[in-house]
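Next up: just one chain, as structure tokens, the form predicted alone.
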């Protein structure tokens, strides 16, 4: 079948002819046929340099030989079990508890969204409290508790949160509080008014393209200790990408719970909640029927194929110099793109940290979601779309990722493409 045939089927069978929350415009959309290393190939044979990277899951690119071999070997032994431990999932749990600073134990899930949902449930069950506090613009998955203040179009009326999806029960609104990112004083005020009912503060140490101030995270840690509130880091994106020990290692702040996905799973159906044993043990099936039991169950929890791929991935990521090389390549790449933008007088930043990047039409780096909302979002999407049109796979207006297998040739071609686009803007 050719690409138009695939789209005819997709338009008939899939909502918006898409697979989730993103759908490319008709003039730039394409159907992926395969991926290898840092490249994607469409069904029509067009090649793209891939900076989406499976939403960040492919730190080692597509079809890395070590991961493919691990998947093949495990698939020959069994692709899926349920209800009983398997050896590969146990082996991986040992890797994870050893590597994650806050992890005394881990509990498996299937996706990052599931992991954050379960972690919030664990926190509520452990504390006996109902409310969670999240930050404006933060994305913690697609479950009901997370679908507040994800895509705000204006500053929220803190701490009142607005739902960003239909179908979210109105009754949940009183249980989800929202605060501005990197604003410790507002958080203190909200916590002071709600501490008796607040179970958990959940925060991304890197929200979209905005890095949390270390002092902000330290302040959250101290506040949670003072008020007996659980501090939860959403490390679905940052885990094993910003450092071996994730954002916890990078920032030097240890939460009570943390959630993982993407790199954990290596593109397969696997995620986890990590943290203090007394909280994680709330999901012990022997506690069924007790008021502090936090139910966790999933058909694919501890999937051995995804676990095998993850072990193979972690074996590579743990090698000396891995992160220094990745982050050094990223810094050089961002500097090269910024030089092009400056030379053409394009009022934008090639913003990024570690292996994350995005074009932002701003004078200075954002600190909050309000800063992002005040940038030129139309110009950003136009630039991204023109890059995509020329074979650089980015989702317009969305953060993107650098992998360990992007080459000097990939970076050079991307910078050349940016130069071509700037001439047309």
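Positions refer to the first chain, counted from 1. Everything numeric in this text was worked out from a predicted model, so none of it was measured.
Keep in mind that the form predicted in complex with a small molecule is missing from the display, and what follows is about it.
A.B. asks: Of these, 78 to 86, 231 to 239, 315 to 323, 158 to 166, which stretch puts a heavy atom within 4.5 angstroms of the small molecule in the predicted bound form?
C.D. replies: Heavy atoms within 4.5 Å of the small molecule in the predicted bound form occur in 231 to 239.
A.B. asks: By the heavy atom within 4.5 Å rule, which residue out of 216, 126, 95, 139 makes contact with the small molecule in the predicted bound form?
C.D. replies: Among 216, 126, 95, 139, a heavy atom within 4.5 Å of the small molecule in the predicted bound form occurs only for 139.
A.B. asks: Only one of 131, 276, 208, 221 comes within 4.5 Å of the small molecule in the predicted bound form by heavy atoms, so just point that one out.
C.D. replies: None of the others qualify; the residue that does is 208.
A.B. asks: Does any part of residue 111 reach within 4.5 Å of the small molecule in the predicted bound form? Heavy atoms only, please.
C.D. replies: It does: once the small molecule is placed as it appears in the predicted bound form, residue 111 has a heavy atom within 4.5 Å of it.
A.B. asks: Can any non-hydrogen atom of residue 367 be found within 4.5 angstroms of the small molecule in the predicted bound form?
C.D. replies: No - in the predicted bound form, heavy atoms of residue 367 and the small molecule never come within 4.5 Å of each other.
A.B. asks: At 4.5 Å between heavy atoms, is residue 62 in contact with the small molecule in the predicted bound form?
C.D. replies: Judged by the heavy-atom cut-off of 4.5 Å, residue 62 is well away from the small molecule in the predicted bound form.
A.B. asks: For residue 116, is any heavy atom within 4.5 Å of the small molecule in the predicted bound form, or not?
C.D. replies: Residue 116: yes, in contact with the small molecule in the predicted bound form.
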